[in-house]
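Only one chain is given next, in structure tokens, and it is the form predicted on its own.
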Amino acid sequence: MKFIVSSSQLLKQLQVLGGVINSSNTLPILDNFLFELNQNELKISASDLETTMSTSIEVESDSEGSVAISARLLLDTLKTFPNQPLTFKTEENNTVEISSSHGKYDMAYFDGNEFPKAVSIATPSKTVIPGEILATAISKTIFAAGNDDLRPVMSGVFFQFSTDSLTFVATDAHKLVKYSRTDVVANDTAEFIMPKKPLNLLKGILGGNESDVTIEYNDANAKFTFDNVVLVCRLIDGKYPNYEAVIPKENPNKLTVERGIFLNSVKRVSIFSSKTTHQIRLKMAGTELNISAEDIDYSNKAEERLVCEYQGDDMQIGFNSRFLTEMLSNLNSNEVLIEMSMPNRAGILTPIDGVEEGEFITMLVMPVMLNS
């Protein structure tokens, strides 16, 4: 097989696919990119068995065939070329010869038939989402997903599709984010849990993408198709916890504060908090919000006062500053509303402005017990 391709175009596609490949694979073939040539269409794939991603580019060729080439070697070589046409040609002794304007390079290849095939999804349900909306939904939720191997269902993002809205939820039992859209709907009701790795890959490619993403899914797998990219991944098996049950409904104490000022204040004060609990204390009274932290072991202490709007009883509540910082950083609004009921019940953060029509974001953060 022989084809001619632009070096920069090939590199761009391979860098996207490179994110699929693990640093240590159980099967040596998975350290390679699979090249499948069909006349002037070249399909390139990468897989880690759980996730398989492929992309197609146009090349100059009139041959067919499939080979697997070392991903690391190919990426390292392509990064050094200025943009130019490269000629790939398979030789007798299981090597691919790459010719550039500077010289020739030989790389060993494996037979493409040894490469694991992507799963085909039997009788899938289908939903179409604009790429930009999916990218936003992923980036607004994925940071809240857990890393606990003992609770795999919490290590992904829960997709909940219905005929009146699409909802994406992530939680690690300390914080929870629920992102809903009522301006995009599905034909049928469906629920599944997506692992983090394929979501991070999608987020990277979809940012600012105008095209629609077609999602096909069944009980075991999901397939995302857009532009010239196809991503197939295995879903996380298990039942997602009933997240609605942990969102407190009655929250009489309402704090409205400017997000940027509050975020900077939390970041500053948290430097003085305990390195084990990262605890900061919020004290609300009238129009004043007092933020403080103390590390008793090292006699470090900080306190700031902010002007806020507060309705409710005077109260003190403790939060993990890292969770609060992550949540505030993930919102685009100028002002946030924090609703609370008691110092031992979760606080709810919602943006007051900066959301699109049909977009709803609810963030929940569990309190930390205050040591008085």
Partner chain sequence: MTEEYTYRKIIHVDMDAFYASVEQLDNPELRGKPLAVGGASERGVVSAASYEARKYGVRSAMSGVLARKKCPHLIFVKPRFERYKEISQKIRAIFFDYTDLVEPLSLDEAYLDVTENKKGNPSASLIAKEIRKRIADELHLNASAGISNSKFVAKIASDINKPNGQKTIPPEEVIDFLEALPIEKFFGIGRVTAAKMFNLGIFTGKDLKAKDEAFLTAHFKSSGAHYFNLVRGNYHSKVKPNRERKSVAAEHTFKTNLTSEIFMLEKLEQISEELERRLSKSKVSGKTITLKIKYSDFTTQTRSKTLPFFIKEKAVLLETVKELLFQEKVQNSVRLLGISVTNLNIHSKKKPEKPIDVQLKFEF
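Just so it is clear, the model here is predicted, and its values are computed rather than measured. Positions refer to the first chain, counted from 1.
Another form exists, predicted in complex with the partner chain; not displayed. Remarks below refer to it.
> Counting non-hydrogen atoms within 4.5 angstroms of the partner chain in the predicted complex, say which of L73, V185, V246, A220 makes the cut.
That would be V246.
> The partner chain isn't shown here, but in the predicted complex which of A46, A346, L324, L37 has a heavy atom within 4.5 Å of it?
Of the candidates A46, A346, L324, L37, A346 is the one lying within 4.5 Å of the partner chain in the predicted complex.
> Partner absent here, but in the predicted complex, which of 113 to 121, 150 to 158, 88 to 96, 189 to 197 has residues with a heavy atom within 4.5 Å of the partner chain?
Result for this chain: 150 to 158.
> Quick one: in the predicted complex, does every one of D297, P367 and L370 get a heavy atom within 4.5 Å of the partner chain?
Verified in the predicted complex; spot residues all in contact, yes.
> Decide whether K283 counts as a contact residue for the partner chain in the predicted complex under a heavy atom distance cut-off of 4.5 Å.
No.
> Given that the partner is absent here, does S56 sit within 4.5 Å of the partner chain in the predicted complex, heavy atoms only?
Taking the distances in the predicted complex, the answer for S56 is no, it never comes within 4.5 Å of the partner chain.
> Within a 4.5 Å heavy atom cut-off, is K175 in contact with the partner chain in the predicted complex?
So K175 counts as contacting the partner chain.
> Give a yes/no on whether Q279 approaches the partner chain to within 4.5 Å in the predicted complex, heavy atoms considered.
Looking in the predicted complex, residue contacts with the partner chain include Q279, since a heavy atom lies within 4.5 Å.
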